[in-house]
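The structure tokens that follow cover one protein chain in two forms, given apart as structure 1 and structure 2.
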Structure 1
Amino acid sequence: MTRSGFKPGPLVWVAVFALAALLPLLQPGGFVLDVAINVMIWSMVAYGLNVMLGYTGQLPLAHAGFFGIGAYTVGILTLKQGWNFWLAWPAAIVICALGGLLLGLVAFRTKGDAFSIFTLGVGVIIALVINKWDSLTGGNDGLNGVPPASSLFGIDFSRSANFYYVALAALALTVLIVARTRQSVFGRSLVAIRGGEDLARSAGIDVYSHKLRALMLSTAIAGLAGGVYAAYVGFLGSAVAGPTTTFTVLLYLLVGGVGTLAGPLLGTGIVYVALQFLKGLQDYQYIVFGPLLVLLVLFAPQGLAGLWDRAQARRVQARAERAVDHA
């Protein structure tokens, strides 16, 4: 089974990002820009999840927790300690990577379903601790008034049109890192682990350390996204770190296509924008999304990028058959 997916070349990616970079020039604020920044933030989390689910074949369910840790690290350091955003952000990423390491040390003693459920438990603990630790996180009231990113090189990042480029750069960096990782020996080893741990081990891959490093990369990306979120939204509540967020990101990833490079961005973009039209549903959005999730895994588990892939394969096959007919 090929899971390569819809594979736009590097040029297509450059074109997509170049086009995206023009958006603030056309629309220097308001609704469209807000949706775009949110899509970029959440697709980063989806990319992080994809490193684990798509490449390594493990489903961790603590990602919203790490997103929350990243966001709260930036929020607390900038709001309470007076740190500069540009220092707090890398700190958040490092903390999330270390958190991923700690989680992995214990969690990778379990496998498969138990691993998912175990990490879900950890995700809940993270959300609960954020919710209860009033003196540090503001507890139920949340953290209000996280300052926007401070100026750098004379550019005022408190304007959302300028901050848009921070999110865009972070997303570009994420895509680049994930793509490079996927192509490296490390990435191919991860795919081997997805195929079968015992086989990978017999091929000389240190499964445990590979999974650990994949999880660290994955949680670091979640922290990266969390940092952007904190500075952009300016308000943090503990709900964002809860399991519902993890499942929503999982939905984005599933719609787009697990294990593909375009999938996380595609899925997040489509679902998030669709959500804006379903705003009236608000709390009831899972009346639509719940069955959608079920139908997706039943009938299109490869997601949109996978559908594209299948159509492509059919076209290639048809061409081959025609060639045979002519011969």
Structure 2
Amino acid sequence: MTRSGFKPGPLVWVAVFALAALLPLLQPGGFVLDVAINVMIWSMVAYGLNVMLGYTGQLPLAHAGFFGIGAYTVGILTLKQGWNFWLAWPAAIVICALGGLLLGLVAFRTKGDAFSIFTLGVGVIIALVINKWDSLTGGNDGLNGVPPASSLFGIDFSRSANFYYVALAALALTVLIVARTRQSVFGRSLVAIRGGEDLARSAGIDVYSHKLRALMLSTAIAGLAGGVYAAYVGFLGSAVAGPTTTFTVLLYLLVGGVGTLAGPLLGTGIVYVALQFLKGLQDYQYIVFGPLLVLLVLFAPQGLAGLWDRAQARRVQARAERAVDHA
């Protein structure tokens, strides 16, 4: 049995992105644009994690490492090598996809908790390499002064209002790719693998190959988001590639709904915005979110998107009961 999740139709998604495209035209303050761009970036990271956790049932805890690789690739190529952002960005995506392939060739020899622990170790190693390789990454000092996205078609993307559309287009592409993947034969095979690898093999599915391709897609999306992050923020530190970042993204996904299409965007939007308003609490932010997450897991294990499913199911059941009564 697959998780259906909250599944807004294509027209709903078109309406959501059309409304989002109007935001810069309303000339909001810099804070609003900053929050919106960050929500889109971290939503992309959550979608990448959802490909693995939601569709294959595998939890890769090196996900932030690939986000960091994507960000640092763009930062190094544009700042130190003089590349154009529009060339460095695709390069970051390809490098992250290849990194996912290399990780999968080894990691998929393990299963379950061992897989998660192994990838956690890889994530820690990636963060350490970034932190210690002073000549390339800047080490503890990080990379400062990463150039913003250069002009394209006469549009100055160094301005936040214009770069907003780069982030929006990247998010729309991510949602489209994930949605098409989920609806494809490949996506249905991934869901079958989540249900049971032995059963999937008996149905003729090449489990190892499918998981490799899924991990490559997941890390490529992380690299896509990392490139946007580097060009927007302009400063990179090794913390973005650390396990804490992975667990934060996992929190976004759990709140929104694992295995759903709307969940990553919904969860990231709610949690990220809430954290902005709780900034005054600093280190106590997660003391507030901890109990709330426990309650969510207890009463809505499929996240907020799953609540919609339950409400829809109750509505259908009520209609069926009324139909029986009238009969």
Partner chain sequence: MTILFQQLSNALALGGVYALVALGLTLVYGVMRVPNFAHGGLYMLGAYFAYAALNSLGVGYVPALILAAVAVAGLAALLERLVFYPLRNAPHVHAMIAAIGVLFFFEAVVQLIWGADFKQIAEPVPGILNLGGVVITWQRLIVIAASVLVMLGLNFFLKRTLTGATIEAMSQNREGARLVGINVNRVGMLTFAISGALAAVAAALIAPIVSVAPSMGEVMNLKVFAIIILGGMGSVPGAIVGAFLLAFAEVFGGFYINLDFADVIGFAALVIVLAIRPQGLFRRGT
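Here the rigid core means the biggest group of C-alpha atoms that line up within 1.5 Å when the two forms are laid on top of each other. Throughout, residue numbering runs from 1 along the sequence of structure 1. Bear in mind the structure is a predicted one, so any value in this text is a computation, not a measurement.
The chain as displayed in structure 2 is taken from the form predicted on its own.
Taking 2 Å as the criterion, Val35 does not count as shifted between the two structures: its C-alpha moves by less than this amount when the rigid core is aligned. When the rigid core is held fixed, the Cα atom of Leu296 travels 2 angstroms or more between the two structures.
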